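Only one chain is given next, in structure tokens, and it is the form predicted alone.
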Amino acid sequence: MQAERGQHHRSVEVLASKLRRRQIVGSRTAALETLVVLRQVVSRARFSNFEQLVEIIRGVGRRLVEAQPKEHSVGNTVRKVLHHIREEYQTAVGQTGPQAGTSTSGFSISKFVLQGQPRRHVPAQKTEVKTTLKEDDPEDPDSFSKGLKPVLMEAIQDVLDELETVYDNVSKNARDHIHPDEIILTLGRSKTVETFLKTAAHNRHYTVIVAETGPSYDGREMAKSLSSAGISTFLVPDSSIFSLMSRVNKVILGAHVILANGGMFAITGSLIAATAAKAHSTPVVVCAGQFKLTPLWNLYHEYGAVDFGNPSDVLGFNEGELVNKVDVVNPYYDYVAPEFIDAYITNDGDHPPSSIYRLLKETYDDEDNEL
């Protein structure tokens, strides 16, 4: 048992170390790495009841979130796995969920929302496990874990498949959002937005204005990539965003994390673009996978996240006298409030910011909000 825990501990600690040192960067990459570790932990774990399994996964989640609390996709992935595992467990033991006993009494909004999840009502082929599951069996303590593990592996694989196809699923309806001869403004280099724009270019001819997005200047790479795909692309300095906004038909942004109130953290400059768009009544659309939904709120800073880059990227020491006279803050993410955003385009359809709370209810369980 100690050897098993040691192996779990090693794989979790290796990932925690990489997260802490920022050797793993990017929401999707962090989520995929988290899933791989969770699959290893679950496949080797020994547990005699379901509560023990949940506690093992939560323990891994807590350790990884503590290592890098600013990478929200790690905690989101753990919550998603816990949600899937509970559903598969309830199916395996012949339950339909905690609301099963109250489904006959009248209409309610909560029941209507639950019924609106057809993707989770199909798994009927796993019922053969029902009679073999026995928790806390004194004669064979491992029988419960052996009987449940195939179902658990399938649940984790479902989450993995969703992550691997997230770019394509977000982009599948791109041509419905971008119309011929439109002028689109974006900034930074979001892989989701990049795939979305390239997919739309198969059916639409349009123009993209890309802001440089200092001090990282990721917009330059984005502009180069879009231009090489045959899209008419203009690269502009960040200071031109407001003056150009009157000519822009739509602003398309990426997100680092989507918060429970419908706001989001996005790369620095997003707030400027969203504010300019609001002043000109230009719609702001955000492309993001559902794994970026988090049941957390922005409680600390009104305009940004508690995540700062190297200040020398903004003002280097070669500026001499000026460095000693100013304090330089280089926030990595802006906080964009929900009133600046018109719609989120996810791999599960399009949603206004006011519907994020419902997506959170469908995607995670309330008891996992705090790991």
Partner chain sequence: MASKNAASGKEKLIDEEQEILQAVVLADSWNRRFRPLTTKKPRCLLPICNAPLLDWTFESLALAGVQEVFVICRSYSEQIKDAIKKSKWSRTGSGMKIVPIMTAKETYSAGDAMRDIYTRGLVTGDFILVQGDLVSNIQIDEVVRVHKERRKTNKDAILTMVVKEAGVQHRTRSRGDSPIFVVDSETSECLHYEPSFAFPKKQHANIPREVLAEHKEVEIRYDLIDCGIDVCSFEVPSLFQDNFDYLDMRRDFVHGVLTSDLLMKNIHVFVAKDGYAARVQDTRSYESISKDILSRWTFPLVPDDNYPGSERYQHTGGNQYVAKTHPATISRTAKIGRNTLIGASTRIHDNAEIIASVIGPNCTIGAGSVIENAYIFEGTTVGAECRVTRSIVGSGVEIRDGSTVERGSLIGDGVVIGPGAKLKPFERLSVPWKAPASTAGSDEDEDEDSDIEDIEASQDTVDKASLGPESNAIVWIDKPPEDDDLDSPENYNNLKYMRLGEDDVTLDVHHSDKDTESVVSEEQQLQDSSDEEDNYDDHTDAESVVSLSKDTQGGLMADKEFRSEVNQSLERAFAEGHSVDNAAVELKTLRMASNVPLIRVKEAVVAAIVEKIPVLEGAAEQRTEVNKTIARWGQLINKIGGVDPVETISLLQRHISTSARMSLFGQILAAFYQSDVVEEDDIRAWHSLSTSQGIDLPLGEERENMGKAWIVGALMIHQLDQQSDSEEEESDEDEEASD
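Please read all numbers here as calculations on a predicted model, not as lab measurements. Residue numbers count along the first chain shown, from 1.
Separately, the form predicted together with its partner chain exists; it is not shown, and the next lines address it.
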| query | finding |
| --- | --- |
| In the model of the complex, segment of 45-53, 24-32, 64-72, 342-350 with a heavy atom within 4.5 Å of its partner chain | 64-72 |
| A337 within 4.5 Å of its partner chain in the model of the complex, heavy atoms | no |
| V36, heavy atom within 4.5 angstroms of its partner chain in the model of the complex | no |
| Contact of G59 with its partner chain in the model of the complex (heavy atom, 4.5 Å) | no |
